[in-house]
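Just one chain is shown here, as structure tokens, and it is the form predicted alone.
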């Protein structure tokens, strides 16, 4: 007898006390979104001409894009590098990235003044604009993620289309469509995987370019010519911790055994990535001699120290420990610290470090802004929980008498 893990829809019940709490938070966020759409952005936010962006850009967009990096890092590991052992985490990472970018797009839409002009970048191109590059890459990459998800849809419904009544006339056309999609995507999927990885590296770094353009409005601790590189390196470094965090959380929520044989291997890869990011960040500080600002008792210096100490140095030390990478609890804590570090970095860059030259006051997010952000996170979790019950995404252990076979590019056993 041998153990084989295969992706399949989960049979656990959907409604739980935690789901009810998440639903309340989601509906509260949706209510504030509707108020923003009907009554204007000033009705629910503390944004102004002096502070044109805040929590929605710093967290929902900038941090959301970085934390969705698990999609392209796991795709690079599983498909481009052909590390077959990691295919079990590719599908959950793909789903997390797809939902993450979907909510990033929603965050951008509700943040812009005239939200109904969200389609403008598709037609009104400006090749000299860093913001345009970010916007068009996010739109294209989100489309690529949905295309990458299509093989999971065809696998779930192919051979199972059984509409009743008058709709039964659609059974054969739908079945034919599913099989055509399956054949086509199996031959062309590598193109979309490579495109997704390339697009991710482009817009992850371009978010840093946006802050370079802000010039002296950004505190010297964060304002640096290598900011695009730091944004990219931090996104790459948080990719695997985000996959580990999501996998352990999902295992606990659905009562499944954690895939520690995979997650521990991922954990050993995090320390070198964090080390490279830390080396560039501290090296840049030494070259620019901005470490002198750390001696000043300011909010910026405290936030910078917290970002680096809690979000980079501490988890770097933890991931170097074999005991940590072999323990589900400590691996979860270490991954959560990396996620916290990237979240703090984006908040620091877009909110804490940003000071308009003629500001007459400060900025702090309103109840409406916080409610929308929390509501988006809650809604993302609810949608994730629903989709893993419908589609074969999370791998479940099964007993087989035949030898264990390796996985194909789609994550199913050959």
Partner chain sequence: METRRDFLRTAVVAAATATLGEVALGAASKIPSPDRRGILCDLTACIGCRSCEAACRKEHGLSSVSSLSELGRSNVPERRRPSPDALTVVNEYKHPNGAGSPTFVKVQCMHCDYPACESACIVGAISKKESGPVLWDTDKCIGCRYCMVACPFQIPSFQYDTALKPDIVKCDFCVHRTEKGGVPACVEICPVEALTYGRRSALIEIARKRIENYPDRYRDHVYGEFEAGGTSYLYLAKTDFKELEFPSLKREPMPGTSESIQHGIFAYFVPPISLYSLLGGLMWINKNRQKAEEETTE
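Because the structure is predicted, anything quoted here is derived from the model rather than measured. Residue numbers count along the first chain shown, from 1.
Quick note: we don't show the form predicted together with its partner chain, though the next part is all about it.
Contact check for 127, 132 and 214: all three have a heavy atom within 4.5 Å of its partner chain in the predicted bound form. Only one segment in the set 295-303, 233-241, 141-149, 114-122 has residues whose heavy atoms sit within 4.5 Å of its partner chain in the predicted bound form; it is 114-122. Of the candidates 37, 377, 347, 370, 37 is the one whose heavy atoms come within 4.5 Å of its partner chain in the predicted bound form; the others do not. Site annotation in the predicted bound form: the residue of 73, 96, 206, 154 reaching within 4.5 Å of its partner chain with a heavy atom is 206. With a 4.5 Å cutoff on heavy atoms, residue 255 does not count as touching its partner chain in the predicted bound form; it lies far away. None of the heavy atoms of residue 387 is located within 4.5 Å of its partner chain in the predicted bound form. Although the partner is absent here, residue 328 lies well away from its partner chain in the predicted bound form, with no heavy atom inside 4.5 Å. At least one heavy atom of residue 41 is located within 4.5 Å of its partner chain in the predicted bound form. Shown without its partner, the chain has 354, 356, 357, 358, 359, 360 in segment 337-364 as residues with a non-hydrogen atom within 4.5 angstroms of its partner chain in the predicted bound form.
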